[in-house]
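Below you'll find only one chain, the form predicted alone, shown as structure tokens.
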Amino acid sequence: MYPFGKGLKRYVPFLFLLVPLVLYIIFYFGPSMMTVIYSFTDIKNVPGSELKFVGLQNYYDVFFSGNSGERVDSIIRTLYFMVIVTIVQNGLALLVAVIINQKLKGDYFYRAVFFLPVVLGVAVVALVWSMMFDPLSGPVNYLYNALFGYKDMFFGSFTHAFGYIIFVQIWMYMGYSMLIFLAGLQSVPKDLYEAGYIDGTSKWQSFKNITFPLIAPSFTVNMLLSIIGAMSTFDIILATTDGRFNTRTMAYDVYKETFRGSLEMGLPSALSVVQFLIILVFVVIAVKQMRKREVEY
């Protein structure tokens, strides 16, 4: 009944939990709460500067003053980025996971290949694709020219740069989603497929009525990770276009306003809170819908 003993020893697990709790409060919860507080002030990134509360002025400035038009465009662009990345990344990851789960020869090699971009890091990925998409000497432009007689500016194009960033984002993180789907697929009991085969079900019917319902928790996890990751992405943008060529997102705006803009910290804090609220809304909706599917099956 008491695996850690009786008396004071019963509190040993709580002491172990206390350390990560303190670290969480210091490095995550505390700064998050300060960001919310700062969003209602005119705080500046200057030691010794005075601080006073300005109410909702910073939130008003996010949408209705200065370069608010660019911020609204960033919000719309971020939502577009999130939708495309979430759908395409999870769709491709599920397809690859299903194929690898067929016990192909060398399946561990394929897993490593698809997961490799995840461990490379943003700097390496950005460097690789900047070289691949080099408009003068990149191999992709040679391929475009040879097949279609067409050349592109890639990360230097006002119309196509954001699309290429979406491609790089999906390429980098699809392997992570694939492993989660693969773990879910391997947990499905084989006797269910055998029973379905005896009943004469096709492969599509087996996937629809057996596989898909049983890997619904994997879908939930991947959807949440994709939404949060896409809404928070700024590092790939920073490393490839630095926000130029219509590629700014909310996360990049927070970075830019904080470290490259004015010394005011209230406005980027308000923008961070708005970003958090948008992420929260989509996460709650996604969890609610995906949980329904899990309960149904």
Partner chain sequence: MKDSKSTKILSYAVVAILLILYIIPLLFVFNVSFKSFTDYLLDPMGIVSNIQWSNYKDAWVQGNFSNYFLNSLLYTGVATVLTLIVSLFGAFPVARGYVKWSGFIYMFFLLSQFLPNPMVAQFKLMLAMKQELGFVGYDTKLGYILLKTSGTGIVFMMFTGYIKSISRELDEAAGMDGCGYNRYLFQIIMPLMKPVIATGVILTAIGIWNDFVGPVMYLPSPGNYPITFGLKEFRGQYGNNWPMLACGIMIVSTPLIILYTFIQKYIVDGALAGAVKA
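All figures in this text were calculated on a predicted structure; none of them were measured in a lab. Positions refer to the first chain, counted from 1. Superpose the two forms; the largest set of C-alphas matching within 1.5 Å is the rigid core.
In what follows, reference is made to the form predicted together with its partner chain, a form of this protein that is not presented.
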query: Heavy atom of residue 73 within 4.5 Å of its partner chain in the predicted bound form; finding: no
query: 4.5 Å heavy atom contact, residue 17 and its partner chain in the predicted bound form; finding: yes
query: 4.5 angstroms heavy atom contact with its partner chain in the predicted bound form for residue 67; finding: no
query: 4.5 Å heavy atom contact, residue 129 to its partner chain in the predicted bound form; finding: yes
query: Options 158 to 166, 144 to 152, 172 to 180, 74 to 82; stretch whose heavy atom lies within 4.5 Å of its partner chain in the predicted bound form; finding: 172 to 180
query: Output flag, 205, 219 and 278 jointly within 4.5 Å of its partner chain in the predicted bound form, heavy atom basis; finding: no
query: Those residues of 26 to 46 which, in the predicted bound form, come within 4.5 Å of its partner chain by heavy atom; finding: 26, 27, 28, 29, 31, 32, 33, 34, 35, 36, 38, 43, 44, 45, 46
query: Threshold 2 Å Cα movement between the shown form and the other one for residue 277, core superposed; finding: no
query: Large Cα shift (2 Å or above) at residue 34 between the shown form and the other one, core-fitted; finding: no
